[in-house]
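Coming up is one lone chain in structure tokens, specifically the form predicted alone.
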């Protein structure tokens, strides 16, 4: 007698699929969703870190009232926007130009690809320490070179109020350049040569091919890198912590650094959580605007 199977093949496939993604779902719920809702809870409390919930009181939205009046929050949000406006265009344009060059048959192309990608796989702390040493205002080799070529008063880099933020921008762009180059190279190598051959027959030059063929066909990758780079630039923290510690003054104070200092150095978890929620909403709005805007220039 033939026994009826308890589960169909489709049901078994579905169960196998859910089992494969189960670790990711557990990790997402444990390390993303739970902390997010717990932060919302903390932001409504005058939280005593050493007594926990039993020693804390519910204060409603009073922590949120303090957020926009705080001078460090104001400095952090202004610096974050400056950093994003400087770093993201510089990163995307540099990565696109270098990847276009590396897509050509040039000598040492493989070695150059590895060299550009090395900073991305190096730990941020180690790379930031080396970068700080290179750009040391007094003893760094960069200023030594500038003095050698006749610049008597080179920039103060991380020790200068005017140059500290641009120095952080340079480091962030240098470290993330390799990742963007790899993705752009993947996109460039997937463009069919027949498009360029047809354009050549029509008499198009290299510049016309770049703007009429290359840029439109890699626009999905450009959009992906832009949206992730904007989010990444707003979340910058270890670079600032290692290179400038938020200074001099508030020159390199960022939102995440402000949250870290309030929550884990001053143990003001309620206020720190309120800033984190406001920061999350700001990034959500910016990402939403980018997502709506991409319909006008991204070709899928």
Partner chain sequence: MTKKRKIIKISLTVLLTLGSVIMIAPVIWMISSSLKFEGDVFNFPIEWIPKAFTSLNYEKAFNDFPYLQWYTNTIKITLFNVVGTVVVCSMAGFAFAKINFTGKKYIFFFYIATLMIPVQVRIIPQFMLYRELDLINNHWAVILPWVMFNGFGIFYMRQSFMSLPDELIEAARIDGCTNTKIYLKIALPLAKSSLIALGILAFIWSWNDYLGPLIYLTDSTKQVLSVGIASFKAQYSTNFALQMAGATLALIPVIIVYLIAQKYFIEGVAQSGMKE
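Numbering follows the first chain given and starts at 1. By rigid core we mean the largest C-alpha set that fits within 1.5 Å across both forms. Only a predicted model underlies this, so the values are computations on that prediction, with no experimental measurement involved.
There is also a form predicted together with the partner chain; it is not shown, and the following applies to it.
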property	result
Candidate stretches 81-89, 159-167, 216-224, 67-75 - the one whose heavy atoms come within 4.5 Å of the partner chain in the predicted bound form	216-224
Heavy atom distance at most 4.5 Å to the partner chain in the predicted bound form, all of 39, 114 and 118	yes
Candidate from 151, 186, 191, 199 lying within 4.5 Å of the partner chain in the predicted bound form - any heavy atom	186
Partner proximity in the predicted bound form: residue 14 to the partner chain, non-hydrogen atom cutoff 4.5 Å	yes
Distance check, residue 61 to the partner chain in the predicted bound form, heavy atom within 4.5 Å	no
Residue 289: touches the partner chain in the predicted bound form, heavy atom cutoff 4.5 angstroms	no
Touches the partner chain in the predicted bound form: residue 133 (any heavy atom, 4.5 Å)	yes
Residues in 221-239 close to the partner chain in the predicted bound form, defined by a heavy atom within 4.5 Å, in order	221, 224, 235, 237, 238
Yes/no, residue 288 Cα shift of 2 Å or more between this form and the one not shown with rigid core fixed	no
Residue 28: Cα shift of 2 Å or greater between this form and the one not shown (core-aligned)	yes
